[in-house]
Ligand SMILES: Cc1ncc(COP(=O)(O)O)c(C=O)c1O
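Heads up, the chain below is alone and in the form predicted alone; it's given as structure tokens.
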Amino acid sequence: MSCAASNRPSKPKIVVEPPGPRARELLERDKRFLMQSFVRWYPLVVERAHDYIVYDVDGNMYIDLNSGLAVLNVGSTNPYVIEAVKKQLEKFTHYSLTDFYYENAVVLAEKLVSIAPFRGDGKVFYTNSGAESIEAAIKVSRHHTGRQYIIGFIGAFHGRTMGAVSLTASKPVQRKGFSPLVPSIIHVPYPYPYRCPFGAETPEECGEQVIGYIEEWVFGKLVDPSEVAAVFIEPIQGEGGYIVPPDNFMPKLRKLTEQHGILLVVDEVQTGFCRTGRMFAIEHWSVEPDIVALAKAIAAGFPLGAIVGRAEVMDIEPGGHASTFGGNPVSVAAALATIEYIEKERLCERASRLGEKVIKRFKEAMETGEAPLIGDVRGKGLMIGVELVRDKKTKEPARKELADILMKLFKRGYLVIGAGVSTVRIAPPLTITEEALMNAVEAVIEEIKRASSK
């Protein structure tokens, strides 16, 4: 199915107020049999989904602005991907790549190296998830450099396995009760222009101050840079609030790491595969990293992750790292089809074009006072954050209002979630029709406006 298809729904259809009777029954069973270690945004019980349309078990039809947490960039059950998966299922479903060989894993690795945001030779290691990709990148970084320290950023989310959660610094609950975590990890402030931790008046000044903090306080007083293996960073922070760094920051960070022989690892798990209007978000700043961590949108919902690194960096000896299911042939087939579809349908350009319209509309609602709770609008492509505040001078977060807005949107048939302290997260499938997207944006603005008047 092409993005050009024109007969798709542009508005949701609610036939019974969610959660309906079947959904409520399943919620009780879920509570009884699943460990409740995760937080659901609202009681959505999915039955099926196609492209940007999601149906629940009670027959309600929703417009998806979540993409299954930035996974379904090519839409749900993309026919092009499903056809590739069916063909692979008829051949073989598994034969551990860690012990043997198969062709499509090599073909995908060649493709990933060819589109990687760095020049020169590269190599790939396959994983099953974003957290596993971060774990692999930690091991590669320490092994290659022979150094132990790693620098991460406050507000970052890199996953919940022990190494990944040691780098994560998004919410205390994600780390609570799991210490001691992996040692020798240092967190520094992320350059958050709207809430600069150093009180800078301009985004550029905020970027300068973060670099200065690393140089003066971390390298000057805490750890010699010769002991730092890598800096791990999300080019745009995801769960931290869809925070876009100042334009001067990434180039200065790259220069700093190169000066001290430190690897730059970019976590593109959420930002990758055209989400931001480029294949990888780091390309917005013309910065070339040493390692890229991937997952989420790489295989359109099939479990797959990868790290792509410069060939000289990916030097762990045989037996030093492996994954039984990493590079599963079915998931690899899905990934190859996903990338082909992204390129064929020019989804990077589409995300950029639609994202500009969405950001323009939200900024208009903010600047005219149409939606007084909007304090900041930021993003690239279709990775957009709309931060809500109770007071624009104090920037007091509108936490309760955000929760109420998201629930009201759910009841209306729009699937939207939050990020950071009080930010509406806009991340629809890149295949969504413009009409459906802008209808959804208007619904979000309406609910923000309603919450503002309370």
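From 1 onward, residues are counted along the sequence shown. All values reported here derive from a predicted model rather than from experimental measurement.
Another form exists, predicted in complex with the named molecule; not displayed. Remarks below refer to it.
Scanning Ser323, Ser129, Ser352, Ser170 against the named molecule in the predicted complex with a 4.5 Å heavy atom cut-off leaves one residue, Ser129. The listed set Gly301, Gly159, Gly75, Gly241 contains one residue whose heavy atoms approach the named molecule in the predicted complex to within 4.5 Å, identified as Gly159.
For the chain shown alone, Glu234 is a contact residue for the named molecule in the predicted complex, at least one non-hydrogen atom being within 4.5 angstroms.
Contact annotation for Thr276: none of its heavy atoms lies within 4.5 Å of the named molecule in the predicted complex.
Although the partner is absent from this view, Lys380 stays clear of the named molecule in the predicted complex, with no non-hydrogen atom inside 4.5 angstroms.
Taking the partner from the other structure, the named molecule in the predicted complex has no heavy atom within 4.5 Å of any heavy atom of Arg310. Stretch 263-271 is the answer when you ask which of 207-215, 326-334, 313-321, 263-271 has residues with heavy atoms within 4.5 Å of the named molecule in the predicted complex. With contact defined as any non-hydrogen atom lying within 4.5 angstroms of the named molecule in the predicted complex, the stretch 18-36 contains no contacting residue.
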